[in-house]
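The chain below stands alone, shown as structure tokens; this is the form predicted on its own.
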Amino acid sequence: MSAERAAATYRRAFGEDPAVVASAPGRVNLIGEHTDYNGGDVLPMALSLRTSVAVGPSTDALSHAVSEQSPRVGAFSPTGPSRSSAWWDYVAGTMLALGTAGVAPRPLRIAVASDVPSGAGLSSSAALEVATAFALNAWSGGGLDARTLARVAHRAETEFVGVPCGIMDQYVSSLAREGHALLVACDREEATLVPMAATVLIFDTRTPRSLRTSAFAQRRHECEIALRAIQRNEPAVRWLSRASEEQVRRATMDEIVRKRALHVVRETARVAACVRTLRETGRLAGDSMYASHASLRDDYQCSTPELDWFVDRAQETRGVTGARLTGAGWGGCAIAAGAPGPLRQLADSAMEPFATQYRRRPRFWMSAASDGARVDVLRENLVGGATAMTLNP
């Protein structure tokens, strides 16, 4: 378990046990890609893969962060950290954002262990931010609820790290429950649990991706241009996702920008269709998943040959009901839905042909919908007078 590894990493680095260990999951988005920052609906689920953060008091005026995957120790001011482009920016940014929510920044020692692969589109950054927020909240007395901690983590990503993402990743990492997908209406920041017993295959193409360096910011800018064009005719439209196809077509805009806007409007409708099917049948709507991928490939232009290869192969596999890229695209992962047997057959049969064609071996995981963030270990004598207890040791 990542919680045990985070505690062990803390002991190796700092010579004593941590005071708190908290963990948060990665996620896959089942459908609703690039709708979140456009105020639309998304349908993610939390994975069984988790990131754990162990914390305890620092012995000097700085905070110190270490990871089981890197011997390098980061040091930063808890009250005025500078962005370093290192992994601990996510920790420092979360600590800073918690200050605006009433949790006073204190010098801490932090150790991280994770099962969530970075750069794969499974929201490793949100898992780290949310786990950090839960750990520091527990350390300070536990005064903030899960929804507030999700917003704190989102503020760290957007304001400190500098990635202009929507709220989806932090919400599902904080609020998810086992056996449920999470329908998030991003314009209202409302979250609704949707029962889901299905298993999902996550196929990692191992194509490196980074939202800092990808065309993500450009796509977001294009969506802002589209919304302003629509608002010249329809000033009441506040979010691009809430426009109609007719409003998009009637507005004056570049045709590339129009394609981006049509994807967002249609993708929001596909989320609604998928939720209806899930509630009625317990299954994911395969047609909506395939249509989503085609739109991401052709209209939003954020797919890759590797992702397309996997989705095409899934479509040819009996017993697989749907597939699409997940996690913004430009590399990373795709998902497939169906019965467990056909999904494992798809993964096993794809390994060697993919490795031969693309000269790298993919990875895959099977996951059901899992729990969101939690405090795993809470020791006595914490700052803020937290009650002594141990959870999920």
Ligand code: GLA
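A residue's number is simply how far along the shown sequence it sits, counting from 1. It should be emphasised that the depicted structure is a prediction, and the values quoted were computed from it without experimental measurement.
Not on display, but discussed next: the form predicted together with alpha-D-galactopyranose.
Any non-hydrogen atom of residue 166 within 4.5 angstroms of alpha-D-galactopyranose in the predicted bound form
Heavy-atom contact with alpha-D-galactopyranose at 4.5 Å: present for residue 166.
Residue contact check: residue 328 to alpha-D-galactopyranose in the predicted bound form, 4.5 Å heavy atom:
Taking the distances in the predicted bound form, the answer for residue 328 is yes, it comes within 4.5 Å of alpha-D-galactopyranose.
Heavy atom of residue 32 within 4.5 Å of alpha-D-galactopyranose in the predicted bound form:
Although alpha-D-galactopyranose is absent here, residue 32 would touch it in the predicted bound form, with heavy atoms inside 4.5 Å.
With a cut-off of 4.5 Å between heavy atoms, is residue 87 one of the residues that contacts alpha-D-galactopyranose in the predicted bound form?
No, residue 87 stays farther than 4.5 Å from alpha-D-galactopyranose in the predicted bound form.
Okay, which stretch from 306-314, 168-176, 189-197, 253-261 lines alpha-D-galactopyranose in the predicted bound form, with non-hydrogen atoms inside 4.5 Å?
Selected range: 168-176.
Among 160, 216, 290, 239, which has any heavy atom within 4.5 Å of alpha-D-galactopyranose in the predicted bound form?
In short, 216.
Residues from 37-56 in contact with alpha-D-galactopyranose (non-hydrogen atom within 4.5 Å) in the predicted bound form:
Read in sequence order, the lone residue that approaches alpha-D-galactopyranose (within 4.5 Å, in the predicted bound form) is 37.
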